[in-house]
Structures are given as C-alpha cells and as structure tokens.
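Quick setup: one chain, the form predicted on its own, written in structure tokens, and binding and motion questions come after.
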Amino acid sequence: MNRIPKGCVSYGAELGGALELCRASFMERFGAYGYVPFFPSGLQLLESSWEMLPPSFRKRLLLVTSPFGEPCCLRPDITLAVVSSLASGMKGAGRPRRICYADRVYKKPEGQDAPVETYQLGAERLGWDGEGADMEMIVLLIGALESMGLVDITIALGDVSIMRTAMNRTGSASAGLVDVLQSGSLTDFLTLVDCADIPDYSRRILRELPFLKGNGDVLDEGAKIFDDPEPFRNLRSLYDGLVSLGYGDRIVLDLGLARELGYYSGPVFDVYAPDSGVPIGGGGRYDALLQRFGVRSQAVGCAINLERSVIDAVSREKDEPLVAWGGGVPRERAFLAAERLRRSGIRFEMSWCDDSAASMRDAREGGQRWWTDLSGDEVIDLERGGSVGLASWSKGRRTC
C-alpha cells in the first residue's frame, strides 16, 4: 500500500495550486519591502535549539541523529534558525535585516488528528527601528493575506509586557499562570489566581485584565486597573497608528494575550480567519531572543499556518485556467500566441489536438470551462455555451 506517514500531507492538483498562490503572494508582498528569502536547514542541532525553547515546546521535538552522529531535531521553528543565522553578523550597528520564508516545520502532534508537519509562511525583521517595525509587520501581513483572498481576517493585538508587569509580584506562580492563560481556559486561570499565594493587588489585576478586549477604550480601562497609563503607552501608539491607516475594523485589542515561547517581549498578535476560533498564525516582538544570542537589538516577526489559510483561499472563486488550442495553426505561431497570453497574466493549458471539437471534448471531460483557439481572440464557455472576447474575459468580464 502506497501511503505517507500519519500526520503528514502531500499537496497536488487544486490544493497544490492554491498553496503555491498563497506562497507567491506572501513572498511578493514582503519582497517588495526588502525582505529576502531564507531557506533554513531541515535539521537543527539540539545544542542550538534546546536552551532557546521552553519545556512545553521541547516535549514536541522530533529527535534524530545525523549521519555524523550529531544529536539533532527536525526543524520545529524557523524563527530560531533565522536568528541564529543572522545574529553573528549583528554584533555591530547596521541596517535592519529583513527575512521571509515559506517552508515546513515539524513537531509531535498535540492531539489524535493533529499534524506532524505544517507548511509555514513567515517573516522576521531584526535591527533597531522603533515602533514603526511593529506596524510594518502587521500591515504587510494584512496585505499578504488579502492578496491570498483572506479579506475578512481579524487581528487580536496585545502586549506581553502588560501581563508581565501584572505578574511582577507573583514570584514562582507566574510561570504556571502564563501556561494556563496560554491554554485559553479563563476558568482555570481564575481558579489558579484565586488559589495562588500572591498579593491581593496582583490578584485584583489578574482577575480583570484577561477580560479587557475590544477597541481603544480597553486601554483606558487597563490604565485605571493599574493606576498607571505607562504600561499601555506602546500598545496605544501601535493601535492608534493602525486605526489611522484604516485597519480599525480588523483590530481587536486583547490585554490578556499571552505567548508560549518565553522570548516574546512587547506587542504580539494572533490572526483569525472568519468562523475560526483557532488562530491561523500570529507574531510579535521578541527582543529577548536576540539577547540570548548576545545581541541587544529589536526583533519582530510573524508566521502563518498555510494549510489553514489554503482552506479559505481555495473556497473563494477560483481563477480558472484557460484551455488554449494550438492545433489550428503552425506550432511556432501557437507558441507566439501563448507567450502573449502569458505576458498578459493569463493562466492557461495548451491543447495540441488536431481537431478543435476533440480538444473541447477533452476540456469538458477534464472539468475545464473556458476554451480558446490561439488563432482567434474569443473565449468559449464550455459549460453554458456562447463566447466572449479574450480582452474582456481576461479582465473578469466573463458573461457570454
């Protein structure tokens, strides 16, 4: 029996085309702003990864030994690979480094049907550049997702430094509180807050903070709880900037947003597709990770689980390819006509049948709707009949 391992997946046909469309859209959007492609090694040395990951993450590593006897793991996270690769060149001052990638990551599944491998899109921006870097990452990500067809996404925006400030006096209880908050169970979090040996001042803040979600008004409410607006200054500036750019209807502030990885250090965000209670990705500021590599600088990144994105991208109206029949003209003329289609941005498949009727029959049987003779300038609707001019068809006016 020919099959792939449980938890793994291969992509082809329609789904493979949608995956490539998403990858290309993401890389083009970030590439226009100077982000360069990065291709990480599939194996990572344990000595380079282990200490940088929290215990909950280490348990999901897929451990292997290289042919040279080196203890390794399959790549669980691309951010670590990016940072370790670039950190050595960032000891001195210099312009920010911008990296984007599209590759697979591997972790032990958390549930019976959870995947082992995930195709991930992401970008990382390393180097001092102030609050504009956080906004750049979010704005570019929204644009990339829109180009994939994900136009109704929601960004949950928070700042881990706010929760860290709230836990300043909680001592050894803080790690457990963050873990439970990250799990998403507010009931368990409140139970732990009530039982923990922490000051009443901290208990009061922690009971209220995770419920502050909404627009800019929640920042004022948070400032009242803390009796201090300073912890909210950076998040307010970022939120106001995104609103001024017209993204207010996409942004929901969440003052209880937490992160599993301990190196996040400022604004963070999760990305939600419509009708999904599970984030398709997220990102944020992780200056603390750079410091572990001996670099005092700013870092912000994002990552999107492409499989979940593809489900939404494929569900929208497809850009159906055109069957271009070249059997009615000399082959060299057919190729010249086909190149004109390509330069116009039209996707097509060549058909070399000697008979046009046979070509159209094959296209219908293959489930393809649109057909054209490369010697002409009309497109035939094989499903409903009739034809439309090629110029109009290419611009989306496809009513015959």
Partner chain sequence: MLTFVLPTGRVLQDAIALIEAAGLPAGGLSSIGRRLVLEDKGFRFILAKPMDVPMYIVSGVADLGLAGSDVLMETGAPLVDLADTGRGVCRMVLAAPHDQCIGECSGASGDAPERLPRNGRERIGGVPWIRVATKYPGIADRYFSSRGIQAEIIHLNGSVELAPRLGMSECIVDIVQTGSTLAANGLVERATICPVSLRLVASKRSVVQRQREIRSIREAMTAQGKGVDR
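Positions refer to the first chain, counted from 1. These numbers come from a predicted model, not from an experiment.
Although not depicted, the form predicted together with its partner chain is the subject of the following passage.
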The one residue among N168, T154, S85, Q291 placing a heavy atom within 4.5 Å of its partner chain in the model of the complex is T154
Its partner chain in the model of the complex has a heavy atom of only one listed residue within 4.5 Å, and of L190, A223, V243, V329 that residue is L190
Given 270-278, 235-243, 293-301, 116-124, the stretch touching its partner chain in the model of the complex at heavy atoms within 4.5 Å is 270-278
Margin query: Given that its partner chain is not shown alongside this chain, does P199 nevertheless sit within 4.5 Å of it in the model of the complex, heavy atom to heavy atom?
Written below: no
Query raised in the report: At the 4.5 Å heavy atom threshold, is F211 in contact with its partner chain in the model of the complex?
Result: yes
message: Quick check on G184: any heavy atom within 4.5 Å of its partner chain in the model of the complex?
response: yes
### Message
With the partner left out here, check for me: in the model of the complex, does some heavy atom of D103 sit within 4.5 Å of its partner chain?
### Response
no
Within 241-258, the residues having any heavy atom within 4.5 Å of its partner chain in the model of the complex are V252, D254
